[in-house]
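What follows is a single chain, given as structure tokens, in the form predicted on its own.
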């Protein structure tokens, strides 16, 4: 069972949020942004998430709230916003009509590229550089989704309520890392964080992480084999794993 409101938060801050990393790491995304003047798009979902995606100097940032944006897209409910992500709903801006060409061209091209990387063909994954990019972006999407689930999913909030304050670092050996920060039972994902964690979960390789993300290997078996390394506060890791188990239901 999944919750549509939680799905909207995941779509906003985990899926669209990964545009930050796409624009930083992917050559094709950087090419799409060449010559783009600073511009921001706000997504305003009634009784759901609000965020602004800003593009400036070849970079992308995603922040909460949408009071200050060049283009504003309102959604009457979370289902309409989820429909936009799924391609079944076309939004109409309430602000920034003269800049709509950016949405139709550059922004759409970037989201198409994101989908290409996040849902790759087997043939594309044979390219080592593309494989690493796809696995890295999937990692960032999953770690961001964990926080959204912990804060909004009716089942995962119980697990989050049992996580002591502090950081849990998730990482891929010789690859990306992110801290899941718990404070007052609310979770925040901080990418490439250098703060000392209270617990650590490390996947032994990019290939292992990819196989786990795609359900090709069993996490418990990997822990037993030592290819997933966990250390630190056991209760934090146990509750994190409970939330992680639900991520696949939303991102399938």
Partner chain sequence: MSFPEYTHEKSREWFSRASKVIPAGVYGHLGPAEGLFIPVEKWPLFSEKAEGTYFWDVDGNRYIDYMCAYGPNILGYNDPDVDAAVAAQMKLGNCTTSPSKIMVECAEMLVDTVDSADWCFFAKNGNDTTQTAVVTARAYTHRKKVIFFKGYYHGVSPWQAKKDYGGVLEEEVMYNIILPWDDIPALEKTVAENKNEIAAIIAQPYDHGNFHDNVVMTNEFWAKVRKICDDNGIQLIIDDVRAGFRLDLAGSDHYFGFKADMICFCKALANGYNMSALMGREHLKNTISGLSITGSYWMSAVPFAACIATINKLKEINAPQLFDTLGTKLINGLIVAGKENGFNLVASGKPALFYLRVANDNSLFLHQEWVAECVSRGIFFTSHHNHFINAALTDEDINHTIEVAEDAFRAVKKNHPELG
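Positions refer to the first chain, counted from 1. Here the structure is a predicted model, which means the values were calculated and not measured.
There is another form of the same protein, the form predicted together with the partner chain; it is not shown, and what comes next is about it.
Using a 4.5 Å cutoff between non-hydrogen atoms, residue 35 does not count as a contact of the partner chain in the model of the complex. In the model of the complex, at least one heavy atom of residue 154 sits within 4.5 Å of the partner chain. For the chain shown alone, residue 215 is not a contact residue for the partner chain in the model of the complex, no non-hydrogen atom being within 4.5 angstroms.
Using a 4.5 angstroms limit between non-hydrogen atoms, residue 186 is distant from the partner chain in the model of the complex. Contact annotation: the partner chain lies within 4.5 Å of heavy atoms from the stretch 197 to 205 in the model of the complex, the single such stretch among 45 to 53, 197 to 205, 25 to 33, 61 to 69.
Residues from 152 to 172 that approach the partner chain in the model of the complex with a non-hydrogen atom closer than or equal to 4.5 Å are 154, 155, 158, 159, 162, in the order they occur in the chain.
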